[in-house]
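A single chain, nothing else alongside it, follows as structure tokens in the form predicted alone.
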């Protein structure tokens, strides 16, 4: 296996004095989907926020491409290729689809911005038909596609997704997960996917991280966790 693109070592973090993560270590490898699963309240979303710099970090480190980024502010992490897509409030609701994409490209030269926006619109053609629509008028699935498109405009190396299929109809969720797999397969992106639908995440992922009560209970091949009857039944509701 190649060198990891991102390494977390003994991370302990939370919100102020309220600790959520306890000595969490894991690795993310180039061009893989790491599925982060676990029961509600296990620290999955906090894990992504900690890597991105949105929590109080008590100890431990985050290394990205050999560089210690533990204490860097989120905007710096975004500039060097780390993207975080929260579950909600991930688009500008009162702006149009086109305006949202332009906001994502605001640091780019005009020609480069145009080319990148065209690139993501080819990936999500439904957005091309809705360029003049305000984001708040989009369906839940379309809004998540817009959020993904905005992220891709900035061409990150690693994308952390926090429950992108939450509150979506099953058929829409499946379509969105297929689009996420395309990011790995066709665009060679590295994905960290927090997902409440454990079975769907494990079927999609290359490797898995099982979080339980703020600690890592399993890290390894997704298929092995999917086939582990005891862990699946106890923590993931799998049968």
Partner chain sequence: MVLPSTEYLIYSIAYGSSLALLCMGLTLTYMVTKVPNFAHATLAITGSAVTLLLIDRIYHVFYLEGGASSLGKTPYYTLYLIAPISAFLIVGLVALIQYLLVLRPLSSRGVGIIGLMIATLAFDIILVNILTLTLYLMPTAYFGKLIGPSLKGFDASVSVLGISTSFSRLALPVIAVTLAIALHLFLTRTKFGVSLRAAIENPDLARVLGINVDLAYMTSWFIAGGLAGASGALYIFMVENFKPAVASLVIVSVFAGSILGGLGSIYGALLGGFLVGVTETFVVVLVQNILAAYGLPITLTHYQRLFSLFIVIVMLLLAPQGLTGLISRVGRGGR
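Positions refer to the first chain, counted from 1. Remember, it's a predicted structure, so these values are computed and weren't measured experimentally.
Although it is not shown, the form predicted together with its partner chain is what the next lines describe.
- Contact annotation for the candidate site: 75, 92 and 150 all lie close to its partner chain in the predicted complex (heavy atom within 4.5 Å).
- 107 is the sole member of 111, 132, 107, 122 with a non-hydrogen atom lying within 4.5 angstroms of its partner chain in the predicted complex.
- Looking at residue 155, you'd find every heavy atom of it more than 4.5 angstroms from its partner chain in the predicted complex.
- Using a 4.5 angstroms threshold between heavy atoms, residue 64 stays clear of its partner chain in the predicted complex.
- In the predicted complex, residue 99 approaches its partner chain with a heavy atom inside 4.5 Å.
- For the chain shown alone, residue 79 is a contact residue for its partner chain in the predicted complex, at least one non-hydrogen atom being within 4.5 angstroms.
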